[in-house]
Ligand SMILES: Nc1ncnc2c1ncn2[C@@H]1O[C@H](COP(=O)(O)OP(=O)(O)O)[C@@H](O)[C@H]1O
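Okay, so here's just one chain, in structure tokens, the form predicted on its own.
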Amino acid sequence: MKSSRARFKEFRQKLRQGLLKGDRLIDPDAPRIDPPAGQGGRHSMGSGSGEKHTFKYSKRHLLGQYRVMLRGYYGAVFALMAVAIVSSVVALTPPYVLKLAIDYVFVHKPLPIVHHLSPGNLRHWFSDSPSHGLLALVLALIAAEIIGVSISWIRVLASQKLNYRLAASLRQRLHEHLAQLPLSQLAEYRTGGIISRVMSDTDQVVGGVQNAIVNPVGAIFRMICILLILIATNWKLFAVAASLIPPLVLIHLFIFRRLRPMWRNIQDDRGILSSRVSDLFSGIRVVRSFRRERSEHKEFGARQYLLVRKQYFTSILGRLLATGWSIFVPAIGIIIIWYGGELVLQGKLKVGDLVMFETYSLMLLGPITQMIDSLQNLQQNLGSLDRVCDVLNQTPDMPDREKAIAVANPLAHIELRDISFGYKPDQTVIDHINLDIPAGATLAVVGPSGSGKTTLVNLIARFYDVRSGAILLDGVDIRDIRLADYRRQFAMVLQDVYLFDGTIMENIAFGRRNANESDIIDAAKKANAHDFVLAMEKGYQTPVGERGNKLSGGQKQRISIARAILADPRILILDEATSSLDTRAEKLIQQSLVELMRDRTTIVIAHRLSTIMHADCIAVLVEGKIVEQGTHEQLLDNHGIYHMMFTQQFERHRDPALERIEWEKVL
């Protein structure tokens, strides 16, 4: 395993080769490739040493996405910019007040405002004593400070409110879009990558509103005001001081252009870390069974410290950029004191003007630094936005055709006409299959592992679209039916039961919107889950834990069946629905399943042939092709593959006739 130091050395080498110039070194969402021979284990993958990938979206496109996000929030953004401008004006008050104090009050001259006042008490009060003028300046500073603090409060609270609302809107939009993406695309993103995008990236993205719009507007306005004041005060002094601006621009262009792709690369590494953490704890039993805790910990540490090194290296570049400004701006101040002092000695410039000029010059460092920080942070924002746009621009899973029709209560007659399918263009998993499943009939699909059984039911449920041929529902191509309406006719009970982290009642209720408690309990009774649920301390309010890890396999299976019963589907798919149950529980579930399957079109995937002898039709699938088809008795009489599979299963167990008798009793 490579150390973080070695990986960082490779990273620096790629930087020197220019592989990160406008590009990113890795794509954490790309499908993993098999490691070279002799490099077993998953740690050899995704190390960042793959070929480079270009940014998918230009900076102009990404900035344009902010316009889309800000629809409906323009008023709040303009208000923030107005507040930023007012704040900038207030911040410019102290240097001018100091100039007035030096050039007028301290030399016993009346303030310029006196000449604009009408003769009377107020004009007399200002002219009467320098102390009165000083008091007026102090009051002006106090008023500016109060206004500044108030505006700062308003700006912070308004900015946070806008950020929170934008982040929530973007998360909602991203969450909705992800839920509509094809399963193959979601598999490429992986769980950790999805979580990283929905949670971390959205928070980073909305910060770009401040860094791309609000902060630069305030900073630029303040810079323009300061520059105009400096030019109006003494344009020659300004010209001399501005001679150091070109070196600043060169430093900025040299370093700044390298920051954006590096921040994108860091965001990619964050996504990889999130994915690995999720992967580790999802498969913690496998990790412990193979005693890989230490190697996993070391790998995580290496990747984490590689991320730290990259972050630190990038922060150094950012700091170099800020340091360039920090050096040259004070240098400008030194030039101002030298040249401006000469002008004062020659009587061409007032002392107060020089002090004000110097103060405003130093104040330039504030908006300049703010601009640098905002633009540097904007690179992180754009890196995250690039990843978010990568998701949002993905085509949704099988969008409805223009004239797609709705279905409400179909007969559920399913027909497969010469369908073929493969997950890749050069792959064939399902090869020219024809099947006719009458409404209310039960089709059982059997065959060796890897023969395409699960793929076949995924096609029927339209998780994927066939490559050729057609699947018909009541004579209509399912691609001509609205996807939501079509899938509403289905319920699935899978071998790998997935329960959500909630209560038993919430998991059963997932089968139907707005289900009441009596319906949920009735479904649990039909699934023979009611008794064990009541035996628990909290009954139906018992938390099941993540993926249902607080329940046994049989309990999870019965909860899953209750969920399907509650859904009341027209088409039922069972994938080894009784595989996790003991003999006694299996008999109870078989009774529930027979009731559930009554008058419903049912497709059953089974390895234990005893559970499907009652099926109206059994299809034997081998390498994606139907090699045998018929009833249980017909297939046994054929003495083909099904007969061989059935005989092998039961010659070591019980009499097949007893199994048939049990099902006949149930039916």
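In case it trips you up, residue 1 is the first one in the sequence shown, and so on. Predicted model only: the values in this text are computed from it and were never measured.
Missing here is the form predicted in complex with this ligand; even so, the following discussion is about that form.
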Does any heavy atom of residue 569 come within 4.5 Å of a heavy atom of this ligand in the model of the complex? no
Residue contact check: residue 448 to this ligand in the model of the complex, 4.5 Å heavy atom: yes
Please tell me whether any heavy atom belonging to residue 429 falls inside 4.5 Å of a heavy atom of this ligand, as the geometry stands in the model of the complex. yes
Partner contact for residue 93 in the model of the complex: this ligand, 4.5 angstroms, heavy atom: no
Go through 347-355, 551-559, 453-461, 469-477 and give me the stretch that gets within 4.5 Å of this ligand in the model of the complex, heavy atoms only. 453-461
Residue (of 312, 74, 500, 423) lying close to this ligand in the model of the complex, criterion heavy atoms within 4.5 Å: 423
